[in-house]
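Given as structure tokens, the chain that follows is alone and in the form predicted alone.
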């Protein structure tokens, strides 16, 4: 059945009974089982009066079952990016019920009759969320027919090169890219879905060593691949997809050399769907090729207009990115046009500030923002090897002075950042996004006391592990203790809470300390792994410091609601 899409209305009716459509919890899920699971859940949903349901599942197969059951029973699904308390509260303005892995999911009626599979309504609705430059989630409605139109375009563009490859992802299905590439496209084309969101690229390559596989990834994952991955044994890797932002050229070329094939980057947004694709390292060109049926044309005031089969009635759609069209129909992608803030009553493009910073060879990554409650700009930078050398030899002040001077030559004075944060890696969510709240947290006074974490590795949506280097010149070592400096326990607790705020939406109130254990001293020069687990339903943060020597400390922080 591969490369032949099931018809949109008959998707559930036409699922082949014995085909393995998903691997979930180590077991195959055949077409007959999927249809039965959908029918049972659809029957319970049909007996519940709620129309709008907030849907969240950690794993792909139950999310797919739930989405199809909601559509089958005539409900509307709302797909948030996480199941945190703030998200649940925001959904309460739109949804009457919650389905899936929530702290308090809605109870479903028991003893209901399964709802047999029938034609799916082309206007069945899914509401997804996207974040603008402010970081405030925006709700976007998608119809089933729009989603299927996009699936059809993906199959037309890339299906022939995939054969019967299964799909596995290191991105979440709770966002439109992961939903389409990890669940809906493979289901409609008869390819197997790997239910678990994988955190370790080695796990992806292990699957590729056992059979044909398509890897659904993001730039956040692909630009930080370990050097020792077993590429030679992953002969079944048929394709690597990347979306969410352009893949840096050096990362794209490195991947092409190691994997033996270039990543397929897909450009688009939640609002527009997929627009174009490219393969750096294969075409020796950074230009983008529009997907089948997609057309770009010049618009007013320098904008570019999009016409697309899956855009719906909202076309032509003005794109938020600067586009340079070529005579051959391809195009070059520039900075975003809509990231504008006001500084001293003047409009400043954050994208222009970032592009100016990235033009300096000392800068590898850059994010510009307006710290909360301030009129001036801030910049968060990841230095390149050249930048790290400059900082080591001349100092942080000299490096920032150089950047300010270069920016002043190209930007208005008010657009030159006044506040700076140099980080080892940009803070990212489990989906590989850089959240605005995490960038804002870097400019809070308390965050200045924290060590700079390295890469973040997510083992679940609520658990992250970061690496920390303990420098010998930290102020807390002074006088604690003479002759044998030791990192104080109170500092370890402070680090755990402060760093957790970069990755989770913790309450602002105080906390109670529970189950505190100190196993071993943390000495100058230690290389630590800090694991943070946030349980939103109980307001509990668990942390544990470890190194190669073993565990150092652990505790629970139980947060109290602010009064």
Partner chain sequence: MSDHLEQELKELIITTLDLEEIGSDDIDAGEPLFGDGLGLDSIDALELGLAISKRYDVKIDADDKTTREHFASVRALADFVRNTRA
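In this text, the rigid core denotes the largest set of C-alpha atoms whose superposition between the two forms falls within 1.5 Å. Residue numbers count along the first chain shown, from 1. This structure is a prediction, so every number in the text was calculated from the model and none was measured.
Below, we refer to the form predicted in complex with the partner chain, which is not included among the displayed structures.
Peer 1: May I ask you to check whether residue 199 falls inside a 4.5 Å heavy atom distance of the partner chain in the predicted bound form?
Peer 2: Residue 199: yes, in contact with the partner chain in the predicted bound form.
Peer 1: Is residue 362 a contact residue for the partner chain in the predicted bound form, using a 4.5 Å heavy atom cut-off?
Peer 2: Contact check for residue 362: no, nothing within 4.5 Å of the partner chain in the predicted bound form.
Peer 1: In the predicted bound form, is there a heavy atom of the partner chain that lies within 4.5 Å of any heavy atom of residue 327, even though the partner is absent here?
Peer 2: Contact check for residue 327: no, nothing within 4.5 Å of the partner chain in the predicted bound form.
Peer 1: With a 4.5 Å heavy atom cut-off, would you call residue 420 a contact of the partner chain in the predicted bound form?
Peer 2: Yes, residue 420 is a contact residue.
Peer 1: Given a 4.5 Å cut-off on heavy atoms, tell me which of 71 to 79, 227 to 235, 111 to 119, 263 to 271 is the interface stretch with the partner chain in the predicted bound form.
Peer 2: Every other range fails; the passing one is 227 to 235.
Peer 1: So the partner chain isn't shown here. In the predicted bound form, which residue out of 191, 142, 221, 175 has a non-hydrogen atom within 4.5 Å of it?
Peer 2: For this set of options, the contacting one is 221.
Peer 1: Can you work out which of 138, 203, 484, 394 has a heavy atom no more than 4.5 Å from the partner chain in the predicted bound form?
Peer 2: The option sitting close enough to the partner is 203.
Peer 1: For the stretch 290 to 311, which residues lie within 4.5 Å of the partner chain in the predicted bound form by non-hydrogen atom distance?
Peer 2: Residues within 4.5 Å: none in this stretch.
Peer 1: Could you check, with the core superposed, whether the Cα atom of residue 326 shifts 2 Å or more between the shown form and the other one?
Peer 2: Comparing forms between the shown form and the other one, the residue 326 CA shifts below 2 Å.
Peer 1: Could you check, with the core superposed, whether the Cα atom of residue 82 shifts 2 Å or more between the shown form and the other one?
Peer 2: No: residue 82 shifts by under 2 Å between the shown form and the other one.
Peer 1: Superposing on the rigid core, do we see a C-alpha displacement of 2 Å or more at residue 250 between the shown form and the other one?
Peer 2: It does not reach a 2 Å shift.
Peer 1: Shorter or longer C-alpha distance for residue 224 and residue 399 in the predicted bound form, given it differs from this form by 3 Å or more?
Peer 2: Farther: residue 224 and residue 399 separate by 3 Å or more in the predicted bound form.
Peer 1: Would you mind telling me if residue 372 and residue 320 are closer or farther apart in the predicted bound form than in the shown form, C-alpha to C-alpha, with a 3 Å or larger change?
Peer 2: Note: Cα gap between residue 372 and residue 320 shrinks in the predicted bound form.
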